[in-house]
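Shown next as structure tokens: one chain only, the form predicted alone.
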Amino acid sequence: MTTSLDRVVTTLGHREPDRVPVFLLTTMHGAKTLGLSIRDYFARAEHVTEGQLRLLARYRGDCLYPFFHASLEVEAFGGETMFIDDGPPNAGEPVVRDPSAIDTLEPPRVADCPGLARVLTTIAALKARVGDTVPIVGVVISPFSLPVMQMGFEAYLDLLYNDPDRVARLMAVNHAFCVEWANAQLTAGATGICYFDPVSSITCVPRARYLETGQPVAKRTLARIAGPTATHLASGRAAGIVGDLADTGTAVIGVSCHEDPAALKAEAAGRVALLGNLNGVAMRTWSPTEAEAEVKRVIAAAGSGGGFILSDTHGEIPWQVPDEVLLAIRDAVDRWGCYPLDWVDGDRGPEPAS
């Protein structure tokens, strides 16, 4: 019997497994399964462990995703998390309110951070339950993108263009933290690490700036992470830098729903796998028929030859996406994602149900 881990490893080798792997990156939906608020759900590792296992059984995806929320990394630096009732927790006020604070900023120790400890406990518990059958995806925010939460987007961009010495020091601090945090998750049982790096996308910085800044940071950081990595641009665009991203050593790129998956697959040229690119925001209002049509469209564009994992575009499915849509996505993968994809080459098979 093919396991989810087998399926993913095969497709990352740019070969065709039994079907296209699907990563339904549901984080907050676990709270729904337990009847908890988002705040209460993320307050205990036991809640997230049980929520992830229930979501795996319900939606039959190919990974477990013990990502709590990005603001945990800001909490590690002394920041706060803001909770709302129907959306992801977010970082509060910047912890770096003046660029001069970077001069004395030090990387936090993972062992000293209660929020990070909850994630590690969750990963270890999931590993004990699934062993090597299902990939467990750990998450870090890249040293190059974390400053958006540490100091605010505008202040960071100003620093990026006008104060290279402080940028270098901030990157060194964040690099040390990112490497320790990633490797702690791998030690706890994570199969690989999702390296969220939206600032490196061409949506945020021109390619030339990325090659001078984000790419060298990624090369240094990924080289010290003791496991496979996937670079996720969190809805940012990748066209024109797919090869540059591959040069960092990453195995997967999470790509935007606003780009052509067939063109991105051609640009990847077998060097790096793609993950995406269903529109999570639009997903909130899809009918099951629309969900099936979108799955079919994306698989037709990028599924042939392996090297593709179906997922949402952002790396976190919104709270408002209904159960029936997630089930329809998963059912559509069974219908249209089984290899060989003969229907893509002309024998299109039965039409989707109306």
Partner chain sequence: MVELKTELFDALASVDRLRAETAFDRALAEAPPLTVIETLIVPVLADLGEAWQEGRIALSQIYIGARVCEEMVARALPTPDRGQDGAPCGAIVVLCDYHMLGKRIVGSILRASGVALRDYGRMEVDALVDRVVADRLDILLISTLMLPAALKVREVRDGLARRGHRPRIAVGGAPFRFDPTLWQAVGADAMGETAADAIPIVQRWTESPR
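Positions refer to the first chain, counted from 1. Being a predicted model, the structure only gives us computed values, none of them experimental.
Separately, the form predicted in complex with the partner chain exists; it is not shown, and the next lines address it.
Stretch 232 to 240 is the answer when you ask which of 111 to 119, 232 to 240, 246 to 254, 175 to 183 has residues with heavy atoms within 4.5 Å of the partner chain in the model of the complex.
Though the partner chain is absent from this view, in the model of the complex it lies within 4.5 Å of a heavy atom of just one residue from Leu222, Ala124, Ile102, Cys204, which is Cys204. Interface residue among Ala269, Ala262, Ala168, Met82 relative to the partner chain in the model of the complex, by the heavy atom within 4.5 Å criterion: Met82.
The partner chain in the model of the complex is not approached by Asp132, whose heavy atoms all lie more than 4.5 angstroms from it. Residue contact check for Glu106: none of its heavy atoms lie within 4.5 Å of the partner chain in the model of the complex. In the model of the complex, the partner chain sits beyond 4.5 Å of every heavy atom of Asp98.
In the model of the complex, the partner chain stays beyond 4.5 Å of every heavy atom belonging to Pro288. Contact annotation for 54 to 73: no residue has a non-hydrogen atom within 4.5 angstroms of the partner chain in the model of the complex.
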